[in-house]
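Quick setup: one chain, the form predicted alone, written in structure tokens, and binding and motion questions come after.
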Amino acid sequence: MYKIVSRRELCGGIWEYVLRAPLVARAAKPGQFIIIRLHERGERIPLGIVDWDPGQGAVTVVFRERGKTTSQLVREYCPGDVILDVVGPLGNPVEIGRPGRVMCVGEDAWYANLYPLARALWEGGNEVICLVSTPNGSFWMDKFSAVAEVNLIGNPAAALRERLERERPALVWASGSPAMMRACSEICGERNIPIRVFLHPIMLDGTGICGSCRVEVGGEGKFVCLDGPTFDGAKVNWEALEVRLSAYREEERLALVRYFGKETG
């Protein structure tokens, strides 16, 4: 079992949890994730590893309270409590390299995924520019500002388009909703600028067996848990991803109704 070290609400329903998971903390790299299960009858959900401390044996996750499991985590699990399973690190680490100038575009809780990437890029001698959309309040600005030029923006796609009119980065990274990442990918495609995106489809086992996280990239089937979670945004079949993400929407709604005992807004 894995102990909750600390937790805090960062802003407007976005939470940061620090979990004691020594083996994960020692092996984690930028771009990877964990799968957690709260209790024996709980569902398995993926969460990006957004920071880690091998010395303390701890990993940090950031998420928006949205579904039944994240609601239960926020309402029932506090520092000192334990959760049943933490599996990871999973997924392929990001290849950092020396691309030069890199632009990172993020929104909402998803922009936390960009922090370990931005830090590694900065440590590797690259110039990092972050465009961050925070409609419900910003967080981690001190952490980001230590490794990148940070710009708070409104619409991510519009801000990216405006910035690309003035400068051309070697690479763009995007982490946000599928609609946001699709729009950013199209903007980069118009300018022949490579873009990488963080995909977050439905996922169960994290080992490629269940097939729940299958996506189409470059006309080929890929598993996000094994082949991702980052992909070439220009090659993602965004329509197919949207369909897959909506497959269990009614079941997700009913799970929330059962948990809260009423419809939620």
Partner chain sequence: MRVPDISVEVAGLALANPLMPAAGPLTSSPKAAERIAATGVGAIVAKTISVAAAEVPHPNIARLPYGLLNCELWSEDPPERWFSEYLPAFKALGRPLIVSLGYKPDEVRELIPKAEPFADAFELSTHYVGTDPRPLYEIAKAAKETTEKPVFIKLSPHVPNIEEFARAAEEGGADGLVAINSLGPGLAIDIRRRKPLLGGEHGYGWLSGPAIKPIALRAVYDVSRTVEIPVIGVGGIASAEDVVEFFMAGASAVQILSAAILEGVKVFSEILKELPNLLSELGVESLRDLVGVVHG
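Residue numbers count along the first chain shown, from 1. All figures in this text were calculated on a predicted structure; none of them were measured in a lab.
Absent from the display: the form predicted together with its partner chain. The rest refers to it.
Partner contacts here mean any heavy atom within 4.5 Å of its partner chain in the predicted complex, and among 186-194, 129-137, 81-89, 171-179 they occur only in 129-137. For the options L245, A255, V18, L10, the residue carrying a heavy atom within 4.5 angstroms of its partner chain in the predicted complex is L10.
Looking at R163, you'd find a heavy atom of it within 4.5 angstroms of its partner chain in the predicted complex. With a 4.5 Å cutoff on heavy atoms, V150 counts as touching its partner chain in the predicted complex. Contact check for G125: no non-hydrogen atom falls within 4.5 Å of its partner chain in the predicted complex. Its partner chain is not drawn, but in the predicted complex it has a heavy atom within 4.5 Å of G154.
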